[in-house]
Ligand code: 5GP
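In the block that follows, a single chain appears as structure tokens, in the form predicted on its own.
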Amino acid sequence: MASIFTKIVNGEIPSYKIAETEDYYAFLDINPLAAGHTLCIPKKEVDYIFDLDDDTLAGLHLFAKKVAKALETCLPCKRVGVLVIGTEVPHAHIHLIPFQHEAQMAITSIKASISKERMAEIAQQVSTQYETMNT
């Protein structure tokens, strides 16, 4: 059975897409810890990040790096933090979280309330920046 992330990649579930390549997909988390909280996933459905083959794992991190650079260009933040928890959805993924304070990186924190309009605005802005930086 396909994970929710595979359904997002396949267009069965809508997302606020940030970036996409042949092998990877990045989209805004719908339960964000901060504005711009993004998930980067391989399109290949593998549950545990350390079960990815070496090339896919390395490629995912390089893809996430490019997405993080676009995020920090578009959103005010001290840094873009990286979390890999891997228990919420059975599909390997990396959380990129633009933060001002380290406490924003706690995955169990109260989620940020961000309107659909602001989510769409962030997705468009970061997606455009990603494309500009990677063409």
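All of these numbers come straight from a predicted model, not from anything done at the bench. Numbers for residues come from their place in the sequence shown, where the first is 1.
Below, we turn to the form predicted together with this ligand, even though it does not appear here.
Note on contacts: among Ala103, Leu62, Ile85, Ile110, the single residue with a heavy atom within 4.5 Å of this ligand in the predicted bound form is Ile85.
The listed set Val89, Leu75, Val46, Leu57 contains one residue whose heavy atoms approach this ligand in the predicted bound form to within 4.5 Å, identified as Val89. In the predicted bound form, at least one heavy atom of Ile30 sits within 4.5 Å of a heavy atom of this ligand. Among residues of the shown chain, Val80 is not one whose heavy atoms approach this ligand to within 4.5 Å in the predicted bound form. When contacts are judged by a 4.5 Å heavy atom cut-off, Ala2 does not count as touching this ligand in the predicted bound form. Under a 4.5 angstroms non-hydrogen atom cutoff, this ligand in the predicted bound form has Leu39 among its neighbouring residues.
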